[in-house]
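There is one chain below, alone, in structure tokens, taken in the form predicted on its own.
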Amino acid sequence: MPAAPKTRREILGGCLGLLAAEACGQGREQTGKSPSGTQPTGASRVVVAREPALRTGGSVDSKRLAALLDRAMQAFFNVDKPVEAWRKVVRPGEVVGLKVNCLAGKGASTHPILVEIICERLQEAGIRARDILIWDRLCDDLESAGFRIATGRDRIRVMGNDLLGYEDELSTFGSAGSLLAKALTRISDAVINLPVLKDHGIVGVTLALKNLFGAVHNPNKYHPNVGDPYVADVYMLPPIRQKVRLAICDAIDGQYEGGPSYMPQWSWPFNGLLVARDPVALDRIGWQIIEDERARRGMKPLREVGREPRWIRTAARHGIGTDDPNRIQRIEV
């Protein structure tokens, strides 16, 4: 029988109390290949799932969001039940890291309610609560987005890299040379990437690829030249390539200008999720969604304001995935 889903209080509750070293001891260093392979063959699939009635009284309806996530996962993996989809991503006994994006605080960060539902689905697929780690760069960022730090050994853990630490030796590729987070290298066997759909005032957009800046100690170094080739080069670091198995982009709210900070005047309710294994294809689709909203609002495209995310094309050249619209299967559900 799968483990009983945890309540939101159990998922997000807790307090600091254990050393990061204890948390690190629960991980295993593996390549973390997906049970169904590293990438789907043929065209890269990107599911764009939307629910216009996602909100009730201004708040996100948890039951409707759960149904939306289930629909997206079933469509992406072409299965009849949500648990069948999750079993294609993770295996019982693995430690699963959920890389959220919390820099902007509430409003433009990964929604805790989405993460709660993902944790429930992981447990239904056989992942123990103690083998789930919700992580980002800083504990303060996690708390500002609505999470509560939790370090207990027998529960879902919520911690920042400032608590868990970084490796002592640099990992390098191209322009990138960084210390990688132990949440990635030592604790997690598999990582599910949970970025947000939003604009970035320096590198154009911040979606699946750039969300892994939260796995390195020096992301401030990687913003020159509109992030090209830095965003792509960071994603090429071997532990990232080996362990990130799936991206679920939180597109409940999108932001088309002023990011990465939360700017409510430039946000809109997209009421959706984007699901893909190919982060380049997801970023290409997400970029287009943002451009479409900018156009609808009478704003210039990112190319005309000097913020075209050319690093998406560089990532495709690196072989991370495809940005060719003819090789991306966009599935609307």
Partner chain sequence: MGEALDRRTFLKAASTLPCMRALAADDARYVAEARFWEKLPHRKIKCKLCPRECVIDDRERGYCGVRENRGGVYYTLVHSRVCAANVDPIEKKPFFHVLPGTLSFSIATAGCNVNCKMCQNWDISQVRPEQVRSIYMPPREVAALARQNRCATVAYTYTEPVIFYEFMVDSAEAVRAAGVRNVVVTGGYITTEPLKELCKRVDAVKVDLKAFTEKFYREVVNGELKPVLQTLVTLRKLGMWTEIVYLVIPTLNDSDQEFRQLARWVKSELGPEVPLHFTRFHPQYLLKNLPPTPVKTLERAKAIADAEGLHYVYVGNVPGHPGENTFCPKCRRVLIEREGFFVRGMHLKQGRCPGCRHPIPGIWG
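Positions refer to the first chain, counted from 1. Only a predicted model underlies this, so the values are computations on that prediction, with no experimental measurement involved.
The form predicted together with its partner chain is left out here; the points below concern that form.
This chain lacks the partner; the member of 226, 149, 129, 236 within 4.5 angstroms of its partner chain in the predicted bound form by a non-hydrogen atom is 149.
Contact with its partner chain in the predicted bound form, defined as a heavy atom within 4.5 Å, is made by all three of 143, 164 and 217. Stretch-level contact analysis of 71-79, 119-127, 171-179, 246-254 against its partner chain in the predicted bound form, using heavy atoms and a 4.5 Å limit, identifies 171-179. Residue contact check for residue 259: one or more of its heavy atoms lie within 4.5 Å of its partner chain in the predicted bound form. Using a 4.5 Å cutoff between non-hydrogen atoms, residue 113 does not count as a contact of its partner chain in the predicted bound form. With a 4.5 Å cutoff on heavy atoms, residue 186 counts as touching its partner chain in the predicted bound form. Contact annotation: residue 139 falls within 4.5 Å of its partner chain in the predicted bound form, judged by heavy atom distances. Along 80-100, these residues reach a heavy atom to within 4.5 Å of its partner chain in the predicted bound form: 93, 95.
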